[in-house]
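Heads up, the chain below is alone and in the form predicted alone; it's given as structure tokens.
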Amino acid sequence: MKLKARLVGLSTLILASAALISGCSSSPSAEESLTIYSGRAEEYIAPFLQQFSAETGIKLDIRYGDSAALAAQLLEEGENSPADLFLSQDAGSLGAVSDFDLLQKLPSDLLTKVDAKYQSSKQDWIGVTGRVRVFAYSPERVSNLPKSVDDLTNSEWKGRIGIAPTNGSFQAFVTAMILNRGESATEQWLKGIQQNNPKLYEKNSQIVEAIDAGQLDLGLVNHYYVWEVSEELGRSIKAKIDFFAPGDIGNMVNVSGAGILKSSSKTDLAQRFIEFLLSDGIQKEVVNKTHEYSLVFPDLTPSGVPAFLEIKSPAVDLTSLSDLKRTQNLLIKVGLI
């Protein structure tokens, strides 16, 4: 696939650079290593991790998984966790770990790189990239675009929509709805979606692939998935994205982010890693290679989407998205997971 080939090529170049570095300098000591729990998918974050190792000589032990599942694991491990850093695809998973006081406060020189609304109010995690909820749809089969997520409970959408209820991004969206509307109203919305017999997927990319294949008309995803699937397939696909009306909860902005575990004895190395992710060059690469928004350069816009500051998103306190268990219980209650 085109995107994977590009990332493999980047990885090869990085590994070649690492070989040159290792040939010119002494090998890092056993202390020069970090253990990272990553809720970011390996195929997209790995090239950046390899680049960090190549430039610094710091070895990285990466444990990949779903952000919510890794957050639960960190809570179970507590102070005995081997993790130094937690990379999450959403603020809710970071907040869950923060609520248990497992993350350490970050230094001001890191925090000042990103707007305060995209970091923890406790200053113990920071957003790295911006991710906007949108709907993907088939321009061939959908002419009357929904103005609100509430429209999707109408009977005209019966059997035509897709969601990924076990995915962290969808659960963060539901958590935001609970905070915005209350649990009872959110339950009614979920029941309305359930009554329309939605097709359930594990990943946002699978929703977009189903739209392209003619198996689905519309789905709730993050803004970059149409681009991502198109890159994977190496062609234009039969799917587009759009936004709901200004302020609709369906347009919420979430972030991927990072936090350092209090139990880590490698704070300096971990801070160095986050500084790397927020550096000018990496932020620009992220926009080009993953199509996500930069939080350091909000005017730097991926192709084909509105500028970050132009998105009419609802007001959502990202530090309040941490009650994942409540959201998961509600999804179980209505039969979506």
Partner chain sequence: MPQELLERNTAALRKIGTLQYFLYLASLLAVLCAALPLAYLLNRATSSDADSISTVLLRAKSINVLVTTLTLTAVVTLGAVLVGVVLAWILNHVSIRNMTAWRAATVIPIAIPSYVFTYCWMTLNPGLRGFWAATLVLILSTAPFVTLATLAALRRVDWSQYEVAQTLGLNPLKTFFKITVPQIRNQVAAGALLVALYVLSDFGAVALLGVDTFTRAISNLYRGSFDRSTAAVLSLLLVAISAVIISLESRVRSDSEARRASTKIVAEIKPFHSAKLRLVSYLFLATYVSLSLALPLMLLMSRFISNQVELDFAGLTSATFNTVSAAAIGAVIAVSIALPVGVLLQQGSRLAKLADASVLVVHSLPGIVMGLALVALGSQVGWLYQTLGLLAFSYALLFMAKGVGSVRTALAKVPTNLLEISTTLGQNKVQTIRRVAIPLAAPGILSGTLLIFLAAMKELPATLMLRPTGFETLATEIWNYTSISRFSEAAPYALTLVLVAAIPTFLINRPDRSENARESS
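The model shown is predicted, which means the values in this text are computed figures rather than measured ones. Positions refer to the first chain, counted from 1.
FYI, the form predicted in complex with the partner chain isn't displayed, but the following is about it.
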{"query": "Per-stretch contact check against the partner chain in the predicted complex, the hit in 137 to 145, 260 to 268, 203 to 211, 119 to 127 (non-hydrogen atom, 4.5 angstroms)", "finding": "203 to 211"}
{"query": "Residue 44, heavy atom within 4.5 angstroms of the partner chain in the predicted complex", "finding": "yes"}
{"query": "The partner chain contact at residue 76 in the predicted complex, heavy atom, 4.5 Å", "finding": "yes"}
{"query": "In the predicted complex, residue 231 touching the partner chain (heavy atom, 4.5 Å)", "finding": "yes"}
{"query": "Contact test in the predicted complex: residue 98 vs the partner chain, heavy atoms, 4.5 Å", "finding": "no"}
{"query": "Answer option from 61, 275, 310, 280, heavy atom within 4.5 Å of the partner chain in the predicted complex", "finding": "61"}
{"query": "Stretch 65 to 94 - residues with a heavy atom within 4.5 Å of the partner chain in the predicted complex", "finding": "65, 66, 68, 69, 71, 72, 73, 75, 76, 77, 80, 82, 92, 93"}
